[in-house]
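We begin with a single chain expressed as structure tokens, specifically the form predicted alone.
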Amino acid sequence: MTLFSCEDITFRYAGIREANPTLTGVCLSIPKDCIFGIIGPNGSGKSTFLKCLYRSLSPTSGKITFIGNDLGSYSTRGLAKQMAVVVQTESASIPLTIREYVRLGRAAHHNVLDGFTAKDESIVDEALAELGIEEIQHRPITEISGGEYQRTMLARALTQKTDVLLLDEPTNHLDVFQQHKILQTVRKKNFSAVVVLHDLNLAARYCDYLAVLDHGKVIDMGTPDEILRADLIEDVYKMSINRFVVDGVIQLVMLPLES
């Protein structure tokens, strides 16, 4: 079954000339029940495309369907019950503790005036423990590191209890151990996930399919084995590629092209 179907998606930010849209004619079918990675160099349109999928941005033209329905047909609350989102950056100025912030993920399941239940608190406990932040749960989110904040955002997403997860650079600010832990958590939960990643070796290890964006266009889509090949990656990233397979997983060593 198809998770997202994108037909001829174009997007341009205000003030950008019509000849230079951020996304140009993106056609992409993203299947359910897999981890689908979006890769490409800086400025290729990855985050903009993801924002269109979770409706933070509206395409200038084209159509997106989500699980067979027009994406625009969902209410904000209805969409929050279907998909959880972990953004790349978010303001940490609100004076909430980590626990209070994570608990906000349960808001989609309640009316505005409803209080949180014992079940909600149990779900919060589970998410805090899973991301290893239970010991700092009473600290203000304004006083935590970037890595701790990244794990806090994912914990909040987990409390929504959706089957679909969208993540924009979820490994930002994390050390190598935590990068793998975050993606292992996503894998273990069996989400239908769409993930924007810069690290191609993480994409090779954790993604079932990859789409390559460059200059706002889809260059290719397929399995990591099909996509992470030297000719394609060298052309897109302008780097020299050496590809190895270690324990069945593709590993890329990237070096600057000789001038």
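Just count from 1 along the sequence shown to find any residue number. Worth saying up front: this structure is predicted, and the values here are computed from it rather than measured.
Omitted from view is the form predicted together with a small molecule, to which the following refers.
Q: Whether G62 contacts the small molecule in the predicted bound form should be assessed with a 4.5 Å heavy atom distance threshold; does it?
A: No.
Q: Can you work out whether Y13 and the small molecule are in contact in the predicted bound form, taking contact to mean some heavy atom pair no more than 4.5 Å apart?
A: Yes, Y13 is a contact residue.
Q: Taking heavy atoms only, is G222 within 4.5 angstroms of the small molecule in the predicted bound form?
A: Although the small molecule is absent here, G222 would stay clear of it in the predicted bound form, with no heavy atoms inside 4.5 Å.
Q: Is G37 part of the interface with the small molecule in the predicted bound form - any heavy atom within 4.5 Å?
A: It does not: once the small molecule is placed as it appears in the predicted bound form, G37 has no heavy atom within 4.5 Å of it.
Q: Can you say which of 29-37, 42-50, 187-195, 224-232 gets within 4.5 Å of the small molecule in the predicted bound form, counting heavy atoms only?
A: This holds for exactly one stretch, 42-50.
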